[in-house]
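Listed next as structure tokens is one chain, alone, in the form predicted on its own.
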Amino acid sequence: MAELLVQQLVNWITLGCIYALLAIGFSLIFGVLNVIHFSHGDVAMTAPFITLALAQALATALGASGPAWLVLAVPVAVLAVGLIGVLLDKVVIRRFRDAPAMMALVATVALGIVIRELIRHLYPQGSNPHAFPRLVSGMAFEISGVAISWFALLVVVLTVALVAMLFVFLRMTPLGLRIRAASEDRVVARMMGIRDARVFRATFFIASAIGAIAGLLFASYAGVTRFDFGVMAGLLGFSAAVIGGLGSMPGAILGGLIIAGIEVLAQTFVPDGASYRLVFVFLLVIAVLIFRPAGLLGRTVMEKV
């Protein structure tokens, strides 16, 4: 029983960290632009495909093999996805910043479909699942007879490091302070001389790059990547952000841990729970929207109508 408890605890923390990273991207973009970027999950899940493509190119050109290509391909993929996020904002999303929320929502849903179809048709055998390796392998140590993998340790350490760096960036750098000012009130920030364009570019780059890391961890955890994984990754990340409170970084982390906890509990204690885990997750999302629309850590905003 102790071994089962420790194993499920490890699974919970690992999954929770991945979902939290996805949710942070949603919350960051919503907090600054007040736009629900529903294609964020699809943008994030382009990272594994870019990594695989780069790995294949390196193996062909340089003869690299094993983990060597991961060291080179992963950071390039994260940077590329960050730039893709900036490009999508410039080409599509910025045109809906001041539009009704429904227009932005529909536009980003359509954008996600475009991204998925491009992957499916342009990537070799894009309709088929593609094996994705563990970013790190092997066992780090044991707790109560349960082997803790280096991958699980990497996920936790990387998540803590990214959250800490984001915290420091937003509170102790000039650009971070500008992003926070724009998230509080864009009109006042503009009156104070803060340039919207730079703030939005930085926000999309950071959110997309963090999403890319989450996408890589998601694919590595599953051991496979598919062109349509962005749908599920996006729904889970968005649900975590909604539960915690859109626009709240601590809420995104809390929401990710809650969703992962529900999945792990369902798979452990409910018969055939793996098939029904998402039922419990989205029932919780509905309940939160009914009883606490702003999320567990979100702020209720009063508007004149």
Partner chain sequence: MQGRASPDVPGIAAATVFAIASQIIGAAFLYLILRVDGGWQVVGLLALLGLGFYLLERLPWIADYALASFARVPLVAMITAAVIVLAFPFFVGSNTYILHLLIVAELYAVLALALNFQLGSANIPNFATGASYGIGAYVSALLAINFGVSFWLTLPVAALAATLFGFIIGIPSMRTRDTYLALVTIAFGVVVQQLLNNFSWTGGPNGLVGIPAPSLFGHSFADPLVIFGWKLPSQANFYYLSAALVVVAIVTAHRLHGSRIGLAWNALRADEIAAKAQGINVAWFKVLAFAVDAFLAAFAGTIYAFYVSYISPDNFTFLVSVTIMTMVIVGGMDNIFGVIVGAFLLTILPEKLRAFADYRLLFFGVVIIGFLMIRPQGLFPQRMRRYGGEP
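Just so it is clear, the structure is predicted and the values come from calculations on it, not from any experiment. Positions refer to the first chain, counted from 1.
Another form exists, predicted in complex with the partner chain; not displayed. Remarks below refer to it.
Between 249 to 257, 262 to 270, 50 to 58, 235 to 243, the stretch whose residues reach within 4.5 angstroms of the partner chain in the predicted bound form through a non-hydrogen atom is 235 to 243.
Remark: all three candidate residues (36, 102 and 120) come within 4.5 Å of the partner chain in the predicted bound form, counting heavy atoms only.
With the partner omitted here, the residue from 106, 224, 80, 166 that has a non-hydrogen atom within 4.5 angstroms of the partner chain in the predicted bound form is 106. In the predicted bound form, no heavy atom of residue 12 sits within 4.5 Å of the partner chain.
At the 4.5 Å threshold, heavy atoms of residue 154 stay clear of the partner chain in the predicted bound form, well away from it. Contact annotation: residue 150 falls outside 4.5 Å of the partner chain in the predicted bound form, judged by heavy atom distances. Contact annotation: residue 84 falls outside 4.5 Å of the partner chain in the predicted bound form, judged by heavy atom distances.
Contact annotation for 138 to 152: no residue has a non-hydrogen atom within 4.5 angstroms of the partner chain in the predicted bound form.
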